[in-house]
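As a starting point, one isolated chain is supplied in structure tokens, in the form predicted on its own.
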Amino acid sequence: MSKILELIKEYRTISIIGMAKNVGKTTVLNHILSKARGKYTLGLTSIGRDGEEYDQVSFFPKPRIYVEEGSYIATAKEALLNSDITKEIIVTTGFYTPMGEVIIAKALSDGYVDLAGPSINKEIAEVCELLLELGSDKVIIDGALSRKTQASPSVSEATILSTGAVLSYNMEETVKKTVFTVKLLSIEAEKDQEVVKVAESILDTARLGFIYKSKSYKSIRIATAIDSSKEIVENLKDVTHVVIKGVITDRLIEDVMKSTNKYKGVTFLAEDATKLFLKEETFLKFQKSGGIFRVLKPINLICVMINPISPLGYSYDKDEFLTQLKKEINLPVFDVIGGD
């Protein structure tokens, strides 16, 4: 069995996320589709629009997605019309995109498809469930530029990260960025289950909350936690955990660090690692100063796929790129161009 199939065999929903356009994410998807032929019935969707003939950022031709007869596709109406498979429309979802309603169809022939799924996590999760109910053994979610949300455990059970030469002319820079992304996506879960329950209670009704040593808590009702540094700083006395719904940004963490030392030893608890929008410098500074990041739901990152060739006309030494990443990352690393 292919190494990649071996890695995904336990999971029903798998997301593929890219660190940038042209890192080989669609090639990874096509690789999985080719290896799964005759072994699994697959369901496919994407987060947002990712089905253009030409990349909307670089304008290079994109690899097309080739599916096997019997596959299920959840895609927007316009993208479905662009697909050259013979198809049977199974269900309309009531979820709308700029390319029309998301429709689930069954491929009655092999052929190329365009994917343009929902852009909201809740809708993607429901689409995945529908694809499984219809008979898909596994559902693959194709990501879009700068969107890591489909890696959220509320959407997919396992995640594959794609990285590649397009990130930088300098291979060491690409390795550094990739290693940090893996570190960020692999943030540990909060182990104290009593804290987890209290945090979930806070997030049911509020976007910001504080848990005390006694496990009592306080909720703060605000429109968004993005600019909540003032509220955080004012409420850190005797706090063990700050619970934040939504994204945690550099500015929020920097503002807290500038305003007080009371964050030291306090755990900042995110819903999951896709909510951490942090630069490496901010992340490391916070941790070195005594701050702690944890998540309620950990992401299951199962491997990293690399593309050593950039469409901008340069490439890395494939073996050196693989070796450097394998040295730094405690996960399987594969070359997407060379396959398994």
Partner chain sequence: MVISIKFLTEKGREQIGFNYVIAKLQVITPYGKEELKSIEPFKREEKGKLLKEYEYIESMKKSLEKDKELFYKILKILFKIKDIRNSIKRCKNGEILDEVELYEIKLFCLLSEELRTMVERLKLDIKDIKLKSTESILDLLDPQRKRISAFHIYDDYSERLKELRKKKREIERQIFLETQKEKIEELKEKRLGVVILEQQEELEIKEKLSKELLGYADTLEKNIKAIGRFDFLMAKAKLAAEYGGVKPNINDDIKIVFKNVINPQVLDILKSQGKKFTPVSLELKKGTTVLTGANMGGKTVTLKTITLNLLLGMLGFFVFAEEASFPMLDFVHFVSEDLQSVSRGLSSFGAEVIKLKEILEDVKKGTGFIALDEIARGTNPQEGAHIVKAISRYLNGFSSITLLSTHYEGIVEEDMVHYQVVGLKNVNFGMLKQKINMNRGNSIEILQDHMDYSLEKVDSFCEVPKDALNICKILGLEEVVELAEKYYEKEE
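Positions refer to the first chain, counted from 1. Everything numeric here is computed off the predicted structure, so don't read it as measured data. Heads up, when I say rigid core I mean the largest set of C-alphas that superpose within 1.5 Å between the two forms.
Not pictured, yet referred to below: the form predicted together with the partner chain.
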Check: Can you pick the one in Lys297, Arg37, Lys279, Lys285 that has a heavy atom within 4.5 Å of the partner chain in the model of the complex?
Finding: Arg37
Next item on the list: Go through Val233, Val247, Leu81, Ile220 and name the one with a heavy atom inside 4.5 Å of the partner chain in the model of the complex.
Entry: Leu81
Next item on the list: Go through 135-143, 190-198, 121-129, 86-94 and give me the stretch that gets within 4.5 Å of the partner chain in the model of the complex, heavy atoms only.
Entry: 86-94
Next item on the list: Decide whether Pro153 counts as a contact residue for the partner chain in the model of the complex under a heavy atom distance cut-off of 4.5 Å.
Entry: no
Note to self: Against the partner chain in the model of the complex, would Tyr112 count as a contact residue? Criterion: heavy atoms within 4.5 Å.
What the structure shows: yes
Item checked: Contact flag, Ile226 vs the partner chain in the model of the complex, heavy atom cut 4.5 Å -> no
Margin query: Just checking whether Lys77 would be counted as a contact of the partner chain in the model of the complex - the rule being heavy atoms within 4.5 angstroms.
Written below: yes
Notebook entry, point to check: For this chain shown on its own, do Tyr66, Glu69 and Ile103 all sit within 4.5 Å of the partner chain in the model of the complex, going by heavy atoms?
Noted result: yes
Notebook entry, point to check: Comparing between the shown form and the other one on the rigid core, is the C-alpha shift at Met99 2 Å or larger?
Noted result: yes
